[in-house]
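Given next, in structure tokens, is a single chain: the form predicted on its own.
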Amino acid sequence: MQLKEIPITGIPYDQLYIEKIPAAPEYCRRPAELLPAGNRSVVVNPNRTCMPLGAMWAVLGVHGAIPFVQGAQGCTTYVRYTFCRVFKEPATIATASFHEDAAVFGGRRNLIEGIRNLVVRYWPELIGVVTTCSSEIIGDDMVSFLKMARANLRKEIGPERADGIPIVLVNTPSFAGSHVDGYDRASRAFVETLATTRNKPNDKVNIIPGLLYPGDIREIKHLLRHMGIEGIVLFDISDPLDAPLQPPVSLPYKPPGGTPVEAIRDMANSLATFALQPHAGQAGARYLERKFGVRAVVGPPPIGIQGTDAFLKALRELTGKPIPENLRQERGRLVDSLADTFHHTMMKKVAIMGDPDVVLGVTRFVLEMGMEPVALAGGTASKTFDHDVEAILAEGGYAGDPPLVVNGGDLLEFEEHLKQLPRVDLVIGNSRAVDIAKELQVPLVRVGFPIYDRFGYQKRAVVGYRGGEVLLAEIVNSILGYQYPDDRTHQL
């Protein structure tokens, strides 16, 4: 790309936009052997972010908990910046603040002093220690370090107060996975550390929602409430990351909501654990099943008709409680919306990108609309993603050409494939797909994490029947806004 010359005196505000001049007048197809990300030594436009982010997301969903990052300041600053852009909320995240000395001699001193400072200043109800690539590579013995930190706390504030603050260690080397894997590891670390005893059945169900937004979690609670079922939502960010603006009742300020620590301890006594996103939360559900016999119900994401049906049916079979009339009416409204709009969505060719669970859930939903998925890109490499796509296509009776499936690749691979297709009508994905949609000159429907270039998307729901109506309306309106001139909209 070439840029116009920037004057030494600076650019006035009315000329801030710099026009990009293409290096070549036409699109140049790249060598086919370099398109798969696995054939290249570089990743171009990654379709994921780092593993510690997923673990920090999880810790923030526990009431009064603060993540403590055993790594450099950048590992914390980037995540706080991302959360602020996506959720429009501040996030309290502590850091060991690695510098050169920690990289050479280890992070023991940083962790012990950091834990001490965090406790005496904020008095958190739980500390989630999240490792990073640097601490994992230098081989920090985190278990021993935490024992030393605990012993140090006992000397300073007394054993009773020191032992009253649980510390959960989540190992998240960034090079070993993505934010989805980080959340998944956190789900296991929390139940393994806290849910240690099965002594009194509670007739509740555990919900591990995965990387869903606050609006989605509220919709899940809405479904549970109307089913008359009490649930424990692990990593409930619906309030901590969407808190009302009010004067703090006490200092240090702790946002309202989040899963209480005692509720996590009680998860071993529940009837079952629903991991709504198999790639983000299955590890915790499987652990509870193996250790305590708490049944694990893994996926599918409750997106669209079939996904929500499966969730409610599993709840009904598990608890014996019928599906109430008001939820049946919500389902009927979504079916009615599908019938009202199928002539706009039928045969439309759609490309979907994002976290694998989101891609799979949305794929099932677009098939219900009669759309044709032409390319599916899951940003986190998965052993089951290809098979899951085949199963969903077969389940939906899809008879078109099989879509390209990018399993863990980057967005360069995804974009180049889309440019070589004769037609794509719509892209569904997160904000990282903005440039792809602009290049293809098609609308982008924003779903999944992260969405940082629109306001309010973290508050809406796309799960459940009501969320399906919201997502359907946005898809249809995007098609109408792009394909229909204003002087023809009266014919719709």
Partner chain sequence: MELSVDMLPERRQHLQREGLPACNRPTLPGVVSQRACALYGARWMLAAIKDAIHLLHGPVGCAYYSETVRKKRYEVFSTALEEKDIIFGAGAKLATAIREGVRLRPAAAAVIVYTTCAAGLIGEDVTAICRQAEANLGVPVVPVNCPGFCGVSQGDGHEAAVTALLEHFIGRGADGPPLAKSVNILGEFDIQGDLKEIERLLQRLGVEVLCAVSGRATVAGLARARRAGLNLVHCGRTGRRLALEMAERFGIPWRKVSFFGLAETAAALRTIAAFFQCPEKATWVEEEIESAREKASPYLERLAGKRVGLFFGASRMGSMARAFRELGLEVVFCGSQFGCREDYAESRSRLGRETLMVDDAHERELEEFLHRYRPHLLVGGSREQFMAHKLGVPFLVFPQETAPYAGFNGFVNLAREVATFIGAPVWRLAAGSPAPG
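Remember, it's a predicted structure, so these values are computed and weren't measured experimentally. Positions refer to the first chain, counted from 1.
FYI, the form predicted together with the partner chain isn't displayed, but the following is about it.
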ask   = Heavy atoms within 4.5 Å of the partner chain in the predicted bound form: does T77 have any?
value = yes
request  = Considering only heavy atoms, tell me if V143 and the partner chain come within 4.5 Å of each other in the predicted bound form.
outcome  = no
query = Is E160 close enough to the partner chain in the predicted bound form to count, meaning some heavy atom within 4.5 Å?
reply = no
inquiry  = Does any part of R116 reach within 4.5 Å of the partner chain in the predicted bound form? Heavy atoms only, please.
reply    = yes
inquiry  = Please identify the residue among P90, P402, G293, P324 with any heavy atom within 4.5 Å of the partner chain in the predicted bound form.
reply    = P90
remark   = Picking from M347, V120, A339, A391, the single residue whose non-hydrogen atoms come within 4.5 angstroms of the partner chain in the predicted bound form is V120
remark   = Within 4.5 Å of the partner chain in the predicted bound form by heavy atoms, the stretch out of 273 to 281, 295 to 303, 361 to 369, 247 to 255 is 247 to 255
Heavy atom of each of I165, N199 and V261 within 4.5 Å of the partner chain in the predicted bound form = no
key: Sequence-ordered list of residues in 398 to 428 near the partner chain in the predicted bound form, where near means a heavy atom within 4.5 Å   = L411, L412
